[in-house]
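Just one chain follows, in the form predicted alone, and it is written as structure tokens.
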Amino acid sequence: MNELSKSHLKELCKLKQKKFRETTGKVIIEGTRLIDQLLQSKIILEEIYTSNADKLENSDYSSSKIFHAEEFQLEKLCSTKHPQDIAALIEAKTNPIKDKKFLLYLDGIGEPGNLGTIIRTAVAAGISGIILSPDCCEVFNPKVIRASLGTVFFLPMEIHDENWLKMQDAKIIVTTLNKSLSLFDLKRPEGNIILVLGSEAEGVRKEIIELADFKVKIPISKNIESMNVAVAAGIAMYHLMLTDEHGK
């Protein structure tokens, strides 16, 4: 096992910044649960850094370059305040969308925790893929990766503006409070569908709402102004997944 050098650590720490993640195409992930999840999904770990040799008993780690890191080095390398005793280097790459049966279009989701939760829920619900508007937060932000439990690395995702929506052969379902029907009164249309959600603060932009085949809202109590977008996304995805035009 190699020791993690100062110069190597210095270069790795740059990956805490978005611009270096984008220029290198690499990102640091941390924690046993996340690393094991990615290994189960056949994601390649380029390098591993650990202060605990017992972590290396997993034979799946053997294909990676392994470095011993002191605890203070892991604290510098990782984004969490109290990192676990293992981290890894991985390629920051998303998969292209091939199946368009049920896509999610996210318009301006800027909070990393919300984006990661939506991605993780989309995988659980069996969504075909996610389209991100150009002003969404970066999918390889460490908070997004952690909230998604690494699903950012295998759920198909692409970045497109509203012009992409105009060219799709799909029914567009937009969530909005303006002149909309209850989500639960809508049964899933036939053919391909695209569910559109916007940020809690701004909602879906007007130019996208104008493309909607259906406008829906989730009924909420008068005692609250809005619902968390990740929660709303989960409700809407599962409702549409579990219903068709006949309500079955």
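Start at 1 with the first residue shown and count on from there. All of these numbers come straight from a predicted model, not from anything done at the bench.
One more form of this protein, predicted in complex with another copy of the chain, exists but is not displayed; see below.
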If you check Ile97, Leu77, Cys137, Leu149 against another copy of the chain in the model of the complex, which one has a heavy atom within 4.5 Å? Leu149
Using heavy atoms only and a 4.5 Å cut-off, determine which of Ile43, Ile218, Ile193, Ile209 is in contact with another copy of the chain in the model of the complex. Ile218
Can you work out whether Ala92 and another copy of the chain are in contact in the model of the complex, taking contact to mean some heavy atom pair no more than 4.5 Å apart? no
Does any part of Phe154 reach within 4.5 Å of another copy of the chain in the model of the complex? Heavy atoms only, please. yes
Classify Arg33 as contacting or not contacting another copy of the chain in the model of the complex by the rule of any non-hydrogen atom within 4.5 angstroms, answering yes or no. yes
Give a yes or no for Asp54: in the model of the complex, does one of its heavy atoms lie within 4.5 Å of a heavy atom belonging to another copy of the chain? no
Segment assignment from 68-76, 168-176, 84-92, 116-124: heavy atom within 4.5 Å of another copy of the chain in the model of the complex: 116-124
Are all three of Glu3, Thr24 and Ser64 close to another copy of the chain in the model of the complex, meaning a heavy atom of each within 4.5 Å? no
Going through 204-231, which residues have a heavy atom within 4.5 Å of another copy of the chain in the model of the complex? Please give them in sequence order. Ile218, Pro219, Ile220, Ser221, Asn223, Ile224, Glu225, Ser226, Met227, Asn228, Ala230, Val231
